[in-house]
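Take a look at this single chain in structure tokens; it is the form predicted alone.
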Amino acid sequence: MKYVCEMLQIDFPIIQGGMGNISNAQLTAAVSEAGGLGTIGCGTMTPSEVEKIILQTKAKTNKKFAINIAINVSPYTEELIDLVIKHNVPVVSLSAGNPVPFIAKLHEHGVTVIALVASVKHAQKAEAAGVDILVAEGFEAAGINSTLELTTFTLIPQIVKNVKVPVIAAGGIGDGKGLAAALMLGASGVQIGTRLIATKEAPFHEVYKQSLVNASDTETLIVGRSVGMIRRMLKTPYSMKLDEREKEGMTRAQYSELTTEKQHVIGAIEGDMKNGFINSGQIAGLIDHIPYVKELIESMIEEASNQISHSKSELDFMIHKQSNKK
């Protein structure tokens, strides 16, 4: 079986999560330049807006990068697939919908297809349809989440057990220990999002970055359960107000109007926490500084290696001790 790094032609098995309409060339290129796989999330952007970011990214790096298309979120899925082919983007991740109708066309043009899944059933369907890599996302993740609410620690080993294609772990991962844990669960790498927000290259508002640095372990909030559209946000005046309104009762349409990419941009880019929201995974409580992307990725690899070596030493000691008892 090919390793993920070989399949994606990257140095480290670390993928940037799609960030919707706040995606940008600066962070995408920085992740790819650091040896990971940068990703442009399309969100609800028009094909022309996405094309502009693709061209900007290509001007900043000659390394591989990906496009994330949230199928049921974007009104331009077909056009975005054509855009990927037009610009020879080598990797596409498909989320928030059924990837099956698009896989064959992408494969015809040599595109590696990643599918985001949140259950064994969905993973098996995606594998049967021909996806190359799976990203299994646990409930700890930022932004739009599965209503199944399976956590990363339980989800990854079950999916790995039931598929043959490589599995990338996502949700609640933002340091080297998290990478090591994912590998021990059988994953071939990780996808991270929240941790990349708090980096020097990320062109997001300082209020957003500092909110993550200052966050505690209980700083995120789940909204949308009552309407079947779950999203994990950081606790802010806007998200708290949204939570109150949901408890008072709101329709799916009302909820959708209050959680569009417009409000996402207001919070993340403009730093207006009263009129916009900011997504965050539960990893926020571990973020305590704002490094360069290269520093972050290299530190994750070093920490993961050290942690695995330490754990192996601990295990070897236990086995040796047990053998001496016999």
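Start at 1 with the first residue shown and count on from there. The structure presented is a predicted model; accordingly, all values stated were derived computationally and were not measured.
If you look for the form predicted in complex with a small molecule, you will not find it shown, but the lines that follow are about it.
Q: Find the only residue in I114, V167, I192, A126 having a heavy atom within 4.5 Å of the small molecule in the predicted complex.
A: The residue from I114, V167, I192, A126 that makes the contact is I192.
Q: Pick from S95, S211, T236, S74: which residue has any heavy atom within 4.5 angstroms of the small molecule in the predicted complex?
A: Contact residue from the list: S95.
Q: Indicate whether G281 is a 4.5 Å heavy atom neighbour of the small molecule in the predicted complex.
A: G281 belongs to the contact set for the small molecule.
Q: State yes or no: in the predicted complex, is some non-hydrogen atom of M19 no more than 4.5 angstroms from a non-hydrogen atom of the small molecule?
A: Yes, contact at 4.5 Å.
Q: Does the small molecule come within 4.5 Å of any heavy atom of D175 in the predicted complex?
A: D175: no contact with the small molecule in the predicted complex.
Q: Against the small molecule in the predicted complex, would E140 count as a contact residue? Criterion: heavy atoms within 4.5 Å.
A: It does: once the small molecule is placed as it appears in the predicted complex, E140 has a heavy atom within 4.5 Å of it.
Q: Pick the stretch from 192-200, 219-227, 177-185, 81-89 whose residues have a heavy atom within 4.5 Å of the small molecule in the predicted complex.
A: Going by heavy atoms within 4.5 Å, the stretch is 192-200.
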